[in-house]
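First comes one chain, alone, set out as structure tokens in the form predicted alone.
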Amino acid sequence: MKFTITREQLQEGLTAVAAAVPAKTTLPVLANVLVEATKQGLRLSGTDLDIAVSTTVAADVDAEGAVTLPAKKLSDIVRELPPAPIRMSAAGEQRVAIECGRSRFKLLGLPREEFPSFPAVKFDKAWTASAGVVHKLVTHVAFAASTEESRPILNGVLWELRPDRMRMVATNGHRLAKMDVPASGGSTADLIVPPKALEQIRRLYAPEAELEVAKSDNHIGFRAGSTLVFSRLIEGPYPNYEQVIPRENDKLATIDKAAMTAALRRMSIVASDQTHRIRLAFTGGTVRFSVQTPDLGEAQDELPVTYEGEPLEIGFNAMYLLEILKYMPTDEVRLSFKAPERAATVEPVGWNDPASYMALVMPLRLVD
């Protein structure tokens, strides 16, 4: 193996695969990056066995070959080298010599045979989508997935692929986010994807890139340009989220998002650290926020609101509401309610976008 590469290209490749290299692992080869000198350039790959990333960067290859090298040490060395061409060559079976200007290093690696092989995902029947559209879905939905181990299926994001649309849904059982975007072509599939894999799409692919999405029995693959991402899918049936989305909410409130966010933050200072419970009372043109925490104190606030319906008092976890508001894409939001014990919805007001978006939050029982 022998090649020459610019520092920028090598850094770019190492940065791309870094997120797939685990910080701690019991399998030493997983802390390494697979370095392959090929006719196409230099291919770098990293994996933690759940997610794998591979990218090819331009390099002048004199002799093909492959070895795995410690990812962190290689990145640290490259970052500190002067801005000059880097020459790398095999200096023994698992030893690689690195030269740049007057700097010389020799790094010990592990044989490529020990590196796990990537899943066999075929891209011949791939769905295609603009990476920017997928970014939008991930940004507005993935936050609502669960982080608890008790129901692994809720740790994933449901990605529904249909001939005319794509939809992502995520929930932890207390809040839910759902977005639809128009799509064309492709077959029908329901995939449950770990948020960490979706985050790689946002990190690695430019919004204008054309993204190919393919699946095997239990893996999903993404490809754009010379960068590939593979991830395990979460297996099992996703809960029927449609049945929790309310269809009969007849009380509507339209409110300024920034003002509501500020009021919720103020109230949450005094709210219980366990439940974050806040009471909202809607009447006429105002919403009154109030908190009572026995061992801490109480707080009230009030905001103007456009409200239609009978007066309503309802309790929420302030943290869930704040998180939902953070991802709402407009300055005003519309909340809909039915009763104090029924789910409420939050939607953007005046969003002239082909995507449709809504979030749902379950109420908390009010204790007088």
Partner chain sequence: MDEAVRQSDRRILLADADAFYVSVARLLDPEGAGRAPCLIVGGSADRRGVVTSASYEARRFGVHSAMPMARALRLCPKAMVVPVPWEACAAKSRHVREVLERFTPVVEQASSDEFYLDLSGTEGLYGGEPLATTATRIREAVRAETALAVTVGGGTTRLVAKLATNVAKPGPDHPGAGVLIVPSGAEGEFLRRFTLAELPLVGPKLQERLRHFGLRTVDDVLRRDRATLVAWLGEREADWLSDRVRGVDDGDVVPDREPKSISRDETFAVDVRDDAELERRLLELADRASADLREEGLLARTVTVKIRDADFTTRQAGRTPPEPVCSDRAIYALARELLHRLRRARRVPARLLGVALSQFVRAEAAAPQLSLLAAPRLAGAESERDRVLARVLDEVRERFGPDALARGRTPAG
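No experiment lies behind these values; they were computed from the predicted model shown. Residue numbers count along the first chain shown, from 1.
Omitted from view is the form predicted in complex with its partner chain, to which the following refers.
- Three-residue candidate spot Leu252, Pro348 and Asp353; no residue lies within 4.5 angstroms of its partner chain in the model of the complex by any non-hydrogen atom.
- When contacts are judged by a 4.5 Å heavy atom cut-off, Gln274 counts as touching its partner chain in the model of the complex.
- When contacts are judged by a 4.5 Å heavy atom cut-off, Ala258 does not count as touching its partner chain in the model of the complex.
- Contact between Pro82 and its partner chain in the model of the complex is not found at the 4.5 Å heavy atom cutoff.
- When contacts are judged by a 4.5 Å heavy atom cut-off, Glu341 counts as touching its partner chain in the model of the complex.
- Only one of Leu296, Val244, Ala97, Ala262 comes within 4.5 Å of its partner chain in the model of the complex through a heavy atom, and that residue is Val244.
- Taking Glu149, Asp217, Glu208, Glu93 one by one, only a single residue has any non-hydrogen atom within 4.5 Å of its partner chain in the model of the complex, and it is Glu149.
- Of the stretches 151-159, 108-116, 196-204, 126-134, only 151-159 has residues with a heavy atom within 4.5 Å of its partner chain in the model of the complex.
- Shown here without its partner chain, the chain has Asn317, Tyr320 in 304-321 lying with a heavy atom within 4.5 Å of that partner in the model of the complex.
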